[in-house]
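The form predicted alone is given below as one chain in structure tokens.
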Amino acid sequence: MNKKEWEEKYLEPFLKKAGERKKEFITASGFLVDQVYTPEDIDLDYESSLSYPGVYPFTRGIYPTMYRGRVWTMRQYAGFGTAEETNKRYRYLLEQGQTGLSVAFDLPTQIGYDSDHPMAMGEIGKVGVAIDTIEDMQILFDGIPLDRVSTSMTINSTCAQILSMYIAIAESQGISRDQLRGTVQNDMLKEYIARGTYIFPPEPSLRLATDIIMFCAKEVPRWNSISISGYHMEEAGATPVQEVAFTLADGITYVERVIERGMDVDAFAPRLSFFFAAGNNLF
């Protein structure tokens, strides 16, 4: 397949179906950036193994347009103190043009302690917002239409409780769960490898994580039910190779567990997301 054939067979039908037109992208230096580059562009006489965007085996992305069809959601990771304080911050960020929210929860919330528990002392609202009750969740998203923003929630061990509260708040706004867009981290395996906010042993934790993946596939179809994470491993000292290896191993484990429980891979795999560390030395 050459570039022209790819455009006719994949790109143009994709744009037509999405009701979009081909967009021009220009760098800060004024150079026009083509839709996709192949060996044809540099006059090299060899067959590239990279294929094309939107073409199996998807080595260059799953959509023909990739980020050009819809610009990445820009969201600032935010959360501190009380739900009231964080709600003010979210409203401010949305007023400045942010299109999604990313919720930071404090450590007691992440490991299942109420703010009045002795073990929570000194940590309440410190590295994220304190959420103890559904009323806190109501305050956190007060005045924010949950059908118009996507929400990422960095939560693992208490993911089931937090996601349940979020869905309940949305439904109280008259928004059905199939309209919700966002992500929960829900990556329990990396907690044992790198981070430590686990509550239960690995097997029960895996069961909870896969419960959430299966629930979202059936009930919240536009939601990313897990964010399989390598970033934390890099922060804990892993090399880039180790980070990718551990993360893919975790991802394979989740997929195998859900399949073992009787769900077809195509019913849930499109909503698996990944979170890697990508520094200046990525390439």
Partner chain sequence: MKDRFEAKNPRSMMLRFHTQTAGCTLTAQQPENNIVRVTIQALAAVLGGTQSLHTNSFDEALSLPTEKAVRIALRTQQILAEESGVADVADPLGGSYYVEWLTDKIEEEAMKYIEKIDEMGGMVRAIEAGFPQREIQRSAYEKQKKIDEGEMTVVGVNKYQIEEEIELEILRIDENMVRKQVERLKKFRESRDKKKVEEALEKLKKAAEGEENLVPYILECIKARATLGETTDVLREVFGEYQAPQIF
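Since we're looking at a predicted model, the values are computed, not measured. Between two forms, the rigid core is the largest collection of C-alphas that superpose within 1.5 Å. Numbering follows the first chain given and starts at 1.
Just so it is clear, the following notes concern the form predicted in complex with its partner chain, a form of the same protein that is not shown.
*Counting only non-hydrogen atoms and a 4.5 angstroms cut-off, does V103 reach its partner chain in the model of the complex?*
Outside the cut-off, so no.
*Would you check, heavy atoms only and a 4.5 Å threshold, whether R181 touches its partner chain in the model of the complex?*
The answer is no: R181 has no heavy atom within 4.5 Å of its partner chain.
*Check whether G97 has any heavy atom within 4.5 Å of a heavy atom of its partner chain in the model of the complex, and answer yes or no.*
Contact with its partner chain, yes.
*Using 4.5 Å between non-hydrogen atoms, is A168 touching its partner chain in the model of the complex?*
Output for A168 is yes: heavy atoms within 4.5 Å of its partner chain.
_Could you pull out the residues of 177 to 209 that have any heavy atom within 4.5 Å of its partner chain in the model of the complex?_
Contacts from 177 to 209: R177, L189, Y192, I193, Y198, I199, F200, P201, P202, E203, P204, L206, R207, L208.
_For a quick test of reading the superposition: does R70 move by 2 Å or more at the CA between this form and the one not shown, rigid core aligned?_
Yes, R70 moves 2 Å or more.
_Rigid core superposed: R257 CA moves 2 Å or more between this form and the one not shown_ = No, shifts by less than 2 Å.
*By the 2 angstroms cut-off, has the C-alpha of C216 moved between this form and the one not shown once the rigid core is superposed?*
No, the C-alpha position differs by under 2 Å between this form and the one not shown.
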